[in-house]
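In C-alpha cells, one chain follows: the form predicted on its own.
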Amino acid sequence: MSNIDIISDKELQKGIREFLETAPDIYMAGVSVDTVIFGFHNDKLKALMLRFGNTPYFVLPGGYIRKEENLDAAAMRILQERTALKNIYLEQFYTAGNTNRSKEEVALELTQKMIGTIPNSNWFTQRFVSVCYYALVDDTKVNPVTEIFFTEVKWFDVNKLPKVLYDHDAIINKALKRLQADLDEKLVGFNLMSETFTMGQLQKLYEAVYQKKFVRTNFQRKILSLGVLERLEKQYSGKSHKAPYLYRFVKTS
C-alpha cells in the first residue's frame, strides 16, 4: 500500500492544460463517475483516494464518460485505470445530483494556481451529476496509477479521511452504508479477503465494516449457518496456543 511519487509541477501543468483543451471533444458534458474503492488492511476498512495536484486535498477515483461509451463500461475502465486490476466487484449505489455539489470554487481556484488561466471552455466549471459506484478489492494486488490532475494515490481509514473536495466524504459514507447492507444480503465480503482466512480475520472484517464489535461465538454460529464457508486445514504458527482453522468462501448457485 505504498504511495506514488509526486510528479513535477511542470509536467502537471502541461497535463492539466492539455486535458482541459481536449476533454469537451472526447467526454460527455455534465455527467461523471465516482468510485469508492474499499480495501481491508491491518484490520481496517480503507478507501483509495487521489491527491488533487500538489495540494492537501484528496478526491475519490473517478472520471468522465466517453461520448460513445456505456456507463458501466466507463466505470470499469476508470477503475481499471486507477488500480491496474481486472475482474473487480463493482456495484452502482447512488447518484449525486444536488445543485450545490458541483460548485467547484476550491478546485477551480487550485487549478488556476497550478496552471494559470483556465482555457476558454466552461466544460470543467459547469454542473456535473455523478453516478457513484463502490468497488471491493484485495489491496495487496492494487497497483495505483496517477493521472493528470492527481499526483498521489493513498489508502485512508474510512474513519480518518483527509481534506476532500466536493461531496466525496458524503459519498464515502453512503457507500459504507450500502456495503453494510450488501455484506449480509449479497455476501460480498469475500472480495475483500485473501483466498483463505481464519474465522477471526473474517470477524475483524465484519467489525470494520459495521464499525462495532461482535461476540465471537455468536458471530461464528451465524456465519457458519449461512453455508458459504469451506473449512480447510488448521493454521499452525509454531506457538503453543490452539491453531485456528482456515476457511474459504464457496460459490453458491
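None of these values were measured; they are calculated from a predicted model. One rule holds for the numbers: they count along the sequence shown, beginning at 1.
Here the subject shifts to the form predicted in complex with a further copy of the same chain, a form of this protein not shown in this document.
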Triplet Met28, Lys67 and Thr95 all within 4.5 Å of a further copy of the same chain in the model of the complex via a heavy atom: yes
To verify the annotation, which of these, Leu71, Ile88, Ala170, Val164, has a non-hydrogen atom within 4.5 Å of a further copy of the same chain in the model of the complex? Leu71
May I ask you to choose, among Met76, Leu183, Val142, Val129, the residue with a heavy atom within 4.5 Å of a further copy of the same chain in the model of the complex? Val129
Should Gln112 be classed as touching a further copy of the same chain in the model of the complex when contacts are defined as heavy atoms within 4.5 Å? no
Find out whether any non-hydrogen atom of Asn159 is located within 4.5 angstroms of a further copy of the same chain in the model of the complex, and reply yes or no. no
Give a yes or no for Lys154: in the model of the complex, does one of its heavy atoms lie within 4.5 Å of a heavy atom belonging to a further copy of the same chain? no
Taking 4.5 angstroms as the heavy atom distance cut-off, pick the stretch from 211 to 219, 30 to 38, 224 to 232, 43 to 51 that is near a further copy of the same chain in the model of the complex. 30 to 38
